[in-house]
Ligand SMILES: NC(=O)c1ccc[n+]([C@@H]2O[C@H](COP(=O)([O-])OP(=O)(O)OC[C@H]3O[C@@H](n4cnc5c(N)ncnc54)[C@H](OP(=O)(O)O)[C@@H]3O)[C@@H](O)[C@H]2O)c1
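For reference, the chain that follows is the form predicted alone, supplied as structure tokens.
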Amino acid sequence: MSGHVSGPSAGRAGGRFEGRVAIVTGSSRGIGLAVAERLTAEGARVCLTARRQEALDEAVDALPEGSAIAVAGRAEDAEHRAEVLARAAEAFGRVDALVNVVGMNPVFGDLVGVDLAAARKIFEVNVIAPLGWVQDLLADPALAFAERGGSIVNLSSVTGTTPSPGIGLYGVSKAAVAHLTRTLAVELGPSIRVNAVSPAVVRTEFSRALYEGKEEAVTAGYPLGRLGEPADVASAVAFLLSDDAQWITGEVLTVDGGLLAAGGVA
């Protein structure tokens, strides 16, 4: 699938990510797009990936001119990952950061009733695909990710810490992402830092079923009195990618408005 370039210039000058390049998966909307917006606002250039090229092109058009390219495909598809890396090398000549946002949850119900084919698909997208991105990025000599002191941030979830009714398998996959993060941090240091963010309910299309029609009741469990916004998560991701976090690796940063501290569940 073809990539899309927004223009000839190179993002906003003078930010803390000036001169750096990030790949952000699942970035046509929601948290992934908010991450791309935050990084490009601070000078980065980004390669966006998601399933639909049209949605990605709209996302690119919303970012600073020249700051982004987009390549459509499925994160679990090795050929797609190879195309993304090739396009990033062609357009930018480097990759400094990887943000694994893409995730899915097509099932609702107790674990004992979950269709095992769906369970395999959830793990393929939520756990194995992020690992595949890391492996492929490290194996690409043209991008020299480790030599550049690359940084990785994965998207976990508070459902991986405290069981949540109806989305237990999703939580199990996100617990795996948290442990994947810690393990990679140990294996890839000191040249590469690996961290994760662990949000509670964020106001996105993906999470709509968790709050729509009951938002007042849901937010009552949050000490900060509101649901998360994509920008809240993007701020945490930007911190973990930045030099301000240069002595932080293997961390799973909870971004939940105080929900877990109050004993709540997503």
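Since we're looking at a predicted model, the values are computed, not measured. Residues carry their position along the shown sequence, with the first being 1.
Keep in mind the form predicted together with the named molecule is missing from the figure; the text below concerns it.
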{"query": "Answer range among 106-114, 83-91, 156-164, 134-142 for contact with the named molecule, defined in the predicted complex as heavy atoms within 4.5 Å", "finding": "156-164"}
{"query": "Sole residue of Glu205, Glu216, Glu212, Asp61 within 4.5 Å of the named molecule in the predicted complex, by heavy atom", "finding": "Glu205"}
{"query": "Contact label in the predicted complex: Ala50 to the named molecule, heavy atom within 4.5 Å", "finding": "yes"}
{"query": "4.5 Å heavy atom contact, Thr40 to the named molecule in the predicted complex", "finding": "no"}
{"query": "Contact test in the predicted complex: Ala234 vs the named molecule, heavy atoms, 4.5 Å", "finding": "no"}
{"query": "In the predicted complex, Gly30 touching the named molecule (heavy atom, 4.5 Å)", "finding": "yes"}
{"query": "Residues within stretch 62-87 having a non-hydrogen atom within 4.5 Å of the named molecule in the predicted complex", "finding": "Gly73, Arg74, Ala75, Glu76"}
